[in-house]
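Here's a solo chain for you in C-alpha cells, the form predicted alone.
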C-alpha cells in the first residue's frame, strides 16, 4: 500500500492519478504497449480516469513501438520495485513478461491481462497466476467481423478476401484472424482467404494490400486485426481507385472513427479500450476494497461500428469511444 503521490519515469510515458493525501492508497502498475497506437492511449485514459474517480494510484509505462519486448520487460521489472498491489498488463507477446510476472505472482501481486494478450496456458505453466482477463476473446471478435463482411457481400459470397494479422507470435492478432477465417468458412465456403502479417503497422499493411491487388484485382474485402492495419489497407485501396472494397478493422480507435465518419473505412469491431482500462481498475478496486470474488474472464463488450451507427447513435456503447 502507498500513502503518497510518487512520480517517476518509466518507459515512454507515465501517468499518475491524483490521490488523497494521507490516505492509504492502492497502487496499480500498468505495463502497456506503445502510445503511438490510439488503442493504448484510450486504454491509458480509462485507467487514469478510473484511478482518479476511485482514489487509487495508477502508474502507466509504455514502450517505443509494438515490437519493443525487451523494453516492456524492463518496465515490468522496474515497476516491481514499487511493490504495487496489482499489475495491469498489455503484453507484447505471451512470453516476454513471464519472468517478471512469475516474481509478481510469488509476491502476491494481482495480475490483470488486457485484451487476451497473455496465453493463459503458457502463463500458468510458467507459474503465473492471472487474476482476470479484461476485454474480448479474439476468436469471437474475428467471428463478428466475418458476420459483418458476409452481410455486406449479401448474395455474392465468393472471391478473394485479405486477412491481416499483427506481429507473428502475438496471440491477439492470431486469434482474431482465426475467428474470422473459421466463421467465414462456415457461412461463405466459396470465399478464398489469404492471411498475412501486417505487424500492426499502417504502412506495411498498405503495401501488403497493394501487392494483393496486383494478384487479385477483384478483391472483395479486407479484415484487419486492428484499426491501424485497416487504415493502411483503406489508403492503398483508395489510391488504386477502389472505393467498393469492404474494409473492417478492430478496436474503435479515434483515427478509425474519423475515417468511418468520412466514408473511407467501412467499419470497425469496437473493443472500447477506454472501457477495458476503466473496468480493469474498477474490478481490481472491488477485489481489494470489497473482497469481491471475480470471474476469471471479464468481457467488456464489442460492437460493429459503421457510419450509420455513428450518425444515429443507435448503439449505446459508442459513449465509450475515445
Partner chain sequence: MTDANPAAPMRAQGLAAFMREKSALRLESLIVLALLVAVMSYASPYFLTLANIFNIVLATSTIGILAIGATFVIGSAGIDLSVGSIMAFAGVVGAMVAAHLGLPWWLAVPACLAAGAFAGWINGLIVAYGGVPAFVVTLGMMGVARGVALLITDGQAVYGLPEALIWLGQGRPFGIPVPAIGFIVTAIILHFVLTHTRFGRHTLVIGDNEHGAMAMGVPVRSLRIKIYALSGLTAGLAGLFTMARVNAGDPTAGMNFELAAITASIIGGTHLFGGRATILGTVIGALIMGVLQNGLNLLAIPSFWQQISIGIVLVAAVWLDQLAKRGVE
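Treat the numbers as computed from the prediction; the structure is a model and nothing was measured. Residue numbers count along the first chain shown, from 1.
The protein also exists as the form predicted together with the partner chain; that form is not presented, and the subsequent description refers to it.
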{"item": "Answer option from 204, 82, 120, 103, heavy atom within 4.5 Å of the partner chain in the predicted complex", "value": "204"}
{"item": "Residue stretch of 70-78, 108-116, 235-243, 182-190 approaching the partner chain in the predicted complex, non-hydrogen atom distance within 4.5 Å", "value": "235-243"}
{"item": "Residue contact check: residue 287 to the partner chain in the predicted complex, 4.5 Å heavy atom", "value": "no"}
{"item": "Non-hydrogen atom contact residue 141 with the partner chain in the predicted complex at 4.5 angstroms", "value": "no"}
{"item": "4.5 angstroms heavy atom contact with the partner chain in the predicted complex for residue 36", "value": "yes"}
{"item": "is_contact(residue 211, the partner chain) in the predicted complex, heavy atom dist at most 4.5 Å", "value": "yes"}
{"item": "The partner chain in the predicted complex - contacting residues of 98-137, heavy atom within 4.5 Å", "value": "none"}
